[in-house]
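Given as structure tokens, the chain that follows is alone and in the form predicted on its own.
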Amino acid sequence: MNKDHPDVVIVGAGISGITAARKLQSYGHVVEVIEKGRGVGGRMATRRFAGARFDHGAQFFTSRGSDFAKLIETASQQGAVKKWTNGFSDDPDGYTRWCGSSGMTSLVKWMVAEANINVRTRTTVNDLRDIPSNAYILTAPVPQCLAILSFSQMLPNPGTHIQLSSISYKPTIAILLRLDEPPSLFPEHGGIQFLDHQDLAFISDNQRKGVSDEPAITVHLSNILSESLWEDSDQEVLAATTVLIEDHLSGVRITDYQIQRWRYAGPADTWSEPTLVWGSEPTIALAGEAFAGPKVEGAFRSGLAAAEKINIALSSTAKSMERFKNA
């Protein structure tokens, strides 16, 4: 194995990619994470503008499995995450909804710092051959992964390629509204989840949530409405949104806004296994919420599974080379 470059290059610094990086480093591998955005977190995203802070991707996460529960317990003890609420309905189900202590990106930032992970941001990957490595883990949405793999001439077998190409995603538009004063018609915790609404999916009061010091709400439109408004102007999206949430604003004035379009907000279809691995020298793995379910914990489990598979592949290659040298 060549030690002039990282053992593993991971594309994407969301929770799946960072989880894989942490696990591989614990096995002693040299890892580099490459992220096209300005920071880590992926859809666990927090943004600041107009003096306020907004969670504008995933709004919360739950913890069911033991591995994720251990991570969240440690992150909670170190102040990276906090309990938000036990449910958004009048009859909560009792499962803790967690959020980042100062925004949803807090968890992934803590994971990076705690493990001292090397992340190269603001870097777009087009051809994996430009960043030599013994193995690659791609955690972007599947269509983006396939585009990179095609350009890199590292696609899986044709049958698998066809199956991967059939995985589709649901779009979501998030509207970030800076307000002149806090809206009154919100629960104390600030979250309103719409399970059966045709047009709305979630509204979060970032100030009540503890993310923002200033009045700021995030509105997530339903997948159906997001699709229909996708090509509309920001002004048209804002106009449609203000009509939908007029009662929740209750006369509060919007002083500024931004629109975030998430083309790949969540997979409509998922792969049957938590990761997909093929090849040798290099070995390729795909991970992310399309491989373990469209939730934060699912993306975590997928990253963990990819790291385990890559570690086995690299260990096997190292043993084969050692036997060859000793032959």
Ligand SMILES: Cc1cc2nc3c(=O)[nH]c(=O)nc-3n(C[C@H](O)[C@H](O)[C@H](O)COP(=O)(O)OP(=O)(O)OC[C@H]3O[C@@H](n4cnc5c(N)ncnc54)[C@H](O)[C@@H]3O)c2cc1C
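Please read these numbers as outputs of a predicted model, since none were measured by experiment. Residue numbers here begin at 1 and follow the sequence given.
Here the subject shifts to the form predicted in complex with this ligand, a form of this protein not shown in this document.
Comment: this ligand is not present in this chain, but in the predicted complex one of Thr172, Asn134, Ser106, Ser212 has a heavy atom within 4.5 Å of it, namely Thr172. Taking a 4.5 Å heavy atom cutoff to this ligand in the predicted complex, the contact residue among Thr283, Thr275, Gln59, Thr46 is Gln59. Partner proximity in the predicted complex, defined as non-hydrogen atoms within 4.5 angstroms of this ligand, places exactly one of 140-148, 239-247, 158-166, 178-186 at the interface: 140-148. Using a 4.5 angstroms limit between non-hydrogen atoms, Leu304 is distant from this ligand in the predicted complex. Among residues of the shown chain, Ala265 is one whose heavy atoms approach this ligand to within 4.5 Å in the predicted complex. This ligand is not drawn, but in the predicted complex it has a heavy atom within 4.5 Å of Ile15.
Contact check for Thr123: a non-hydrogen atom falls within 4.5 Å of this ligand in the predicted complex.
Contacts to this ligand in the predicted complex (heavy atom within 4.5 Å) from stretch 258-295: Trp262, Ala265, Gly288, Glu289, Pro294, Lys295.
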